[in-house]
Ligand code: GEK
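Okay, here we've got a single chain as structure tokens, the form predicted on its own, with questions on binding and movement later.
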């Protein structure tokens, strides 16, 4: 079945100079395709956000999608709300992403989703039952990550959850190489060329900084989270549920 989104061809042509990856209009236009062809298990993760919303959303609480891009996580929460008076905030620092997300939402019934163009490090989080960081933390400067997770913890209600999805690295170099090789096979299967894989890797090198899973667990524990469960992994992509 043909997908409705535009095909990702951002790195299809040979570039004289590789510049740092940015979430601009060109990327926003094809981002749905890029997500599904570049992130193993992406649809499963989004589906599980909906499932977790049914369990953890509290009446009268706020739900946050931090680094929301085109709003898939926010929409999954909206579509699975079973309690009243919840407000969903979809926050991204890319105006291109916010504009495209707004165009998706304008003809839908997702009126509880409030789009905000802002740096998520500047957001005051409060009265939250669910917070999503869906492949977002990896783009945050390393020296700001601890404080962001602490702010998230402080803004959660008792019993609320953070859903953290990330690309990771492995301490064992051979294991890391194996998982990366498998991931590139995944991209080849999704019809990315060697040129596209290489150029995008170079563009992301200074922008997307992955960490070991152990570092994520340590940061979550330091912030105060006690119940931390890795529920998903496919190659070097994982998702974690941290409960306050």
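Numbering follows the first chain given and starts at 1. All figures in this text were calculated on a predicted structure; none of them were measured in a lab.
Although not depicted, the form predicted in complex with the named molecule is the subject of the following passage.
Contact annotation: of the candidates 86, 76, 140, 157, the single residue with a non-hydrogen atom within 4.5 angstroms of the named molecule in the model of the complex is 140. Contact annotation: of the candidates 192, 186, 56, 42, the single residue with a non-hydrogen atom within 4.5 angstroms of the named molecule in the model of the complex is 42. With a 4.5 Å cutoff on heavy atoms, residue 134 counts as touching the named molecule in the model of the complex. At the 4.5 Å threshold, heavy atoms of residue 215 stay clear of the named molecule in the model of the complex, well away from it. Shown alone here, residue 23 lies within 4.5 Å of the named molecule in the model of the complex, counting heavy atoms only. Taking non-hydrogen atoms only, residue 121 approaches the named molecule to within 4.5 angstroms in the model of the complex. Partner contact region in the model of the complex: 30 to 38, out of 30 to 38, 215 to 223, 172 to 180, 56 to 64, criterion any non-hydrogen atom within 4.5 Å of the named molecule. Proximity to the named molecule in the model of the complex holds for all of 68, 94 and 97, with the criterion being a heavy atom within 4.5 Å. Taking a 4.5 Å heavy atom cutoff to the named molecule in the model of the complex, none of the residues in 207 to 229 make contact.
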